[in-house]
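Encoded as structure tokens, the following chain is the form predicted on its own, with no partner shown.
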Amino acid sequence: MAEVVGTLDALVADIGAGAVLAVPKDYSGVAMAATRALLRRGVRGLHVVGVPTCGIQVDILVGAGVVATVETSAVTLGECGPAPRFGAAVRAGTVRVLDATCPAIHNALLASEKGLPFIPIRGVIGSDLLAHRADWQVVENPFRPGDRVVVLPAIRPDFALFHAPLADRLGNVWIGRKRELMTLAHASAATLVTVEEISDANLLDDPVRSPATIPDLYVTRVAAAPRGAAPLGMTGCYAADGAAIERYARMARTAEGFAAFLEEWMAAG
């Protein structure tokens, strides 16, 4: 049974230096409140996997100096423009980037979910990604000579960290339509989840919710964090705060502005 913990600090207590941390895209349930707790731990050298993209959460982590590697298909603030601290880190050479595509990220996690060492895809043949990803190999289809495919190593995160609408006291987590979170939980060694609410009813007994519920077998820890995705949104609960994200984008354009934002943001949580 998953552990339901009382604090966000307890939720992220096992994430250590050099951990591979997988996080979802901005509209799939980003654990922003737990990100503060992670920063309070003072860990360094994280390998962050954006599934399949990432945004303000990873930009903050990069700006705070806790990320060594970013593996994703994009880091962006969407309508608010590029991710400023990520861009600055790339230009300064202080963060390693493993560029990918959305299908590549999803399929590499699928390989881990299935216990496979690698998985084949086709779509990147002919792209310049192959010149920059030595770990992606072009091989011949063993069933059709002359047919080339690309094989990707499985992505096996040490931790998945995300926010969801609801969990129960047993640690079952309801994710709604965000099915990629199910794969993420299956693929990761540990799954850490913040939720808007914790229910006393067993979600797996609910015929409506159970098909979209991650069983506690795949969940390590759960913590309640109302509005835990803010300033990003939580589907069915609240919308993203566009003004707050735009303000971050402006402040984070400079190292000084980002430092002022980070001090303010950490104090707020």
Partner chain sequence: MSDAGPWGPERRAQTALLVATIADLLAGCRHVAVGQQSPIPGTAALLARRESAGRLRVSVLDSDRLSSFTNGASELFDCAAEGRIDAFFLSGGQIDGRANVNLVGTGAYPRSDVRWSGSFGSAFLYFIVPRVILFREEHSRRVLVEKVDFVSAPGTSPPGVYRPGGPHALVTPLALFRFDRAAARFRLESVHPGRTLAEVLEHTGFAFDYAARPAVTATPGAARLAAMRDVVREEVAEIYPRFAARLLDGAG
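Residue numbers count along the first chain shown, from 1. This is a predicted model, so every value here is computed, not measured.
There is another form of the same protein, the form predicted in complex with its partner chain; it is not shown, and what comes next is about it.
In the model of the complex, its partner chain sits within 4.5 Å of a heavy atom belonging to E180. Using a 4.5 Å cutoff between non-hydrogen atoms, G233 does not count as a contact of its partner chain in the model of the complex.
Not displayed here, its partner chain is kept clear of D158 by more than 4.5 Å at the level of heavy atoms in the model of the complex. In the model of the complex, its partner chain sits within 4.5 Å of a heavy atom of E246. Contacts between stretch 108 to 144 and its partner chain, counted in the model of the complex as any heavy atom lying within 4.5 Å, involve S112, E113, K114, G115, I121, R122, G123, V124, I125, G126, S127, D128, L129, H132, R144, listed in sequence order.
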